[in-house]
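We begin with a single chain expressed as structure tokens, specifically the form predicted on its own.
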Amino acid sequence: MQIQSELNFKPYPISNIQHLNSNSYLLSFQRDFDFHAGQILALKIADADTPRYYSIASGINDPQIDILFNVKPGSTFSPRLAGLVPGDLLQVSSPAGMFLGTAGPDIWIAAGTGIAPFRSMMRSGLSNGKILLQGASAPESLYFAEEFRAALGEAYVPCLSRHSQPGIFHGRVTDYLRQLDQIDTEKTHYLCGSAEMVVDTRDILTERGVPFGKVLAEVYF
């Protein structure tokens, strides 16, 4: 995700922060701005911080902004973000980005915290006709699984790479795509996850006949 050279920030008090698993959190604050489903925000804690971009994980009509994030090894920012408590101030930019949801019958493919923009799209009323492949290493990292299952039914396909569980595909999202007899080459495929996941998934899709222009990606670093 590219950082803009000039950003305007405004302080918002944290309203809640949930510890989801060993290194993942969902941070929330009340909003006073509009955004498009799929957009991102730059965050800082102190004025001197280098801005970090995170996808919005809430719907366009939700009263709060939700930010899903991992504490990354070697990071100097994410541990501080995880250490915030309700009432602490977070510096937030205006929304940016063009990884935008549509009302069309698209296919969503996510891994890890890359599920965030698709939750925003789903909660914004854009889940009709969608198929979602969600990859994670463990069940506790299938973020928002129950919400997606309720919204999408059988069109929600969770994939676990390191655990075997009834009703869940055992393997990565790339393994799931490789074993499909047919891939819909007419639909737009939205990818969000690590650079490795995005590159591998794009290669599989284009090799199976999906036009490059129908593969849209947001990379998480």
Ligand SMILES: Cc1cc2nc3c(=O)[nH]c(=O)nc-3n(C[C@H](O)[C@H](O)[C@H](O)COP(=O)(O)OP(=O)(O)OC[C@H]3O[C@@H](n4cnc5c(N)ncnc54)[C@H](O)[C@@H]3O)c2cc1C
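Keep in mind the model is a prediction, meaning the values are calculated, not measured. Residue indices: 1-based, along the sequence shown.
Only in words, not in the display: the form predicted together with the named molecule, which the text now covers.
Although the partner is absent from the chain shown here, none of S161, S164 and G167 has a heavy atom within 4.5 Å of the named molecule in the model of the complex. Comment: 69-77 is the region of 146-154, 87-95, 69-77, 126-134 lying near the named molecule in the model of the complex, near meaning a non-hydrogen atom within 4.5 Å. Using a 4.5 angstroms threshold between heavy atoms, T113 counts as touching the named molecule in the model of the complex. Contact annotation: R52 falls within 4.5 Å of the named molecule in the model of the complex, judged by heavy atom distances. Although the partner is absent from this view, I65 stays clear of the named molecule in the model of the complex, with no non-hydrogen atom inside 4.5 angstroms. The closest non-hydrogen atom of V173 lies beyond 4.5 Å of the named molecule in the model of the complex. This chain is displayed alone, yet in the model of the complex one of L27, A37, I40, L191 has a heavy atom within 4.5 Å of the named molecule; that residue is I40.
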